[in-house]
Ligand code: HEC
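Presented as structure tokens, the chain that follows is alone, the form predicted on its own.
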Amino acid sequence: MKNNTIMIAGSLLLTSILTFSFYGIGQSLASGNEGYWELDDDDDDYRHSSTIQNPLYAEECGSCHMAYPAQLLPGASWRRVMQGLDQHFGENAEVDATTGQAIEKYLLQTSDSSSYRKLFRNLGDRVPLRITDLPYFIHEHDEIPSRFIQANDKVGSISQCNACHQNAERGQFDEDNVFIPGFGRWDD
């Protein structure tokens, strides 16, 4: 009799755990967050190296800010960025037509051939101009207190990837290697 009671209690517990687990997964999928399940922190595609292979892009864009790996935005976003260089986030970043065409060609070819496309899930028809507007980016940075970033004069903005990700320019954003200046290693 005692063994039957233990078996029944165990079965009820297992049934409850499975029910709540499947319910949670179903709710996540229904809310459109399936990209977060498929691109977890151990996803090799997100961690792979992507050094800037275009010296013109590295020189022109890297002279004012980090030359972001082209794979971090979809091609449509880079096209809009390049079309708006006269008002590039409050600055005039215009280049001559030949330089602009060469840089845009590089950005489009590189971003469209990327295994980073998983970052673009959940965008729908949106064409973000900032990497920081990607749902995956927001998801990965939402727990970091503003005092570590905006109020930190060594970082200043969430867009300064290379301030905390030492290998950001090579496309390496492994969260195990995040070091926030003035605060130390970030452990999520």
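Throughout, we count residues from 1 along the sequence that is shown. Fair warning: this is a prediction, and the values are worked out from it, not measured in the lab.
Below: the form predicted together with ligand HEC, not depicted.
Contact between C64 and ligand HEC in the model of the complex is found at the 4.5 Å heavy atom cutoff. The closest non-hydrogen atom of F120 lies beyond 4.5 Å of ligand HEC in the model of the complex. Although the partner is absent here, A76 lies well away from ligand HEC in the model of the complex, with no heavy atom inside 4.5 Å. Within 4.5 Å of any heavy atom of ligand HEC in the model of the complex lies no heavy atom of L108. Contact annotation for 148-169: residues with any non-hydrogen atom within 4.5 angstroms of ligand HEC in the model of the complex are F148, I149, V155, S157, I158, S159, Q160, C161, C164, H165, listed in sequence order.
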